[in-house]
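One chain comes next, on its own, written as structure tokens: the form predicted on its own.
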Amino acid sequence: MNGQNSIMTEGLTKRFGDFTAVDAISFQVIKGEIFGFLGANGAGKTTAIRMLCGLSIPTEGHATVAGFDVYKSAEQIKRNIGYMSQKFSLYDDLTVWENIQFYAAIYGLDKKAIKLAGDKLLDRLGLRNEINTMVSELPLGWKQKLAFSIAIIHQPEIVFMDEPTGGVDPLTRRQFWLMIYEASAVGITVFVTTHYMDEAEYCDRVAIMVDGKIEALDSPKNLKQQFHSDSMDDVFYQLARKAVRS
């Protein structure tokens, strides 16, 4: 990590009528960092991510993502990020190669770049023999690995990941996190939400949201010391139990 910020927010807020979903959050994410974004359901995580991805205009505050202003440059943000949802984001009724072609084109790669990047992806995942397999026929773990690889096929500055390992077995989760470390090592910033607190331990820093506010932000080691805890599970519980809304 070289100290350059991939994400900067100051007082970022989103209201829906009288309801404040995200309440003046301020933080920075360093280029190449693995940044965990935690919170119980209803804490405001998804709303915050939508603003950072250029999908929702903030009510007030400031934020830049990959150097682009969330108010003025939403389209540039979308071209410089990758996104992977908990709900599997590829098309089941397309083959592995058709999914690669489709998403790489959306991310702006030309035919030559798609062929080059797609071949590298297939070899890295060991999916060369599954090129014409329908994605619906792949095991869940392989689907998730493919989805992540496609989300970074255009070498984005940042990849947003929403519960990427939900429902997969522990071995596949560990393999998946090796892929995350590899992406971080080449300078891709990883912004990840997870319900697995053991995965929070893998992050460089973790922010924990409660009722729309960031109530804690530090490395897992420092957070455990601060809350006199041996685990991130306990840190999360100490904060989440203070939540008013659900």
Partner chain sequence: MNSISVKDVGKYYGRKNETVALDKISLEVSAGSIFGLIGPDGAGKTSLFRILTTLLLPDAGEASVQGFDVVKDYKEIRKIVGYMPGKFSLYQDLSVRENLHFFATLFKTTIEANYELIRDIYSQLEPFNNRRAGALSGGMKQKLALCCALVHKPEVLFLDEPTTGVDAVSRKEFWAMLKRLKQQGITIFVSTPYMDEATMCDRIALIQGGKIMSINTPYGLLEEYSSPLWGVRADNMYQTYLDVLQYPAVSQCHTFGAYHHVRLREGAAAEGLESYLQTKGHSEIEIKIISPTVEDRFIDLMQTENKYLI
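Residue numbers count along the first chain shown, from 1. Not measured: the values here are computed from a predicted model.
Although not depicted, the form predicted in complex with its partner chain is the subject of the following passage.
This chain is displayed without its partner chain, yet in the model of the complex the stretch 191-199 from 24-32, 191-199, 205-213, 59-67 comes within 4.5 Å of it by heavy atoms. Judged against its partner chain in the model of the complex with a 4.5 angstroms heavy atom cut-off, the residues Arg50, Leu90 and Glu98 are out of contact without exception. Between the options Ala117, Leu146, Val168, Met84, the residue in contact with its partner chain in the model of the complex by a heavy atom within 4.5 angstroms is Val168. Although the partner is absent from this view, Leu140 contacts its partner chain in the model of the complex, with a non-hydrogen atom inside 4.5 angstroms. Mapping the unseen interface onto this chain, Asp218 falls outside it, with no heavy atom inside 4.5 Å of its partner chain in the model of the complex.
The closest non-hydrogen atom of Asp233 lies within 4.5 Å of its partner chain in the model of the complex.
Using a 4.5 angstroms threshold between heavy atoms, Met8 stays clear of its partner chain in the model of the complex.
Within 4.5 angstroms of its partner chain in the model of the complex, the stretch 35-69 places a non-hydrogen atom from each of Gly39, Ala40, Asn41, taken in sequence order.
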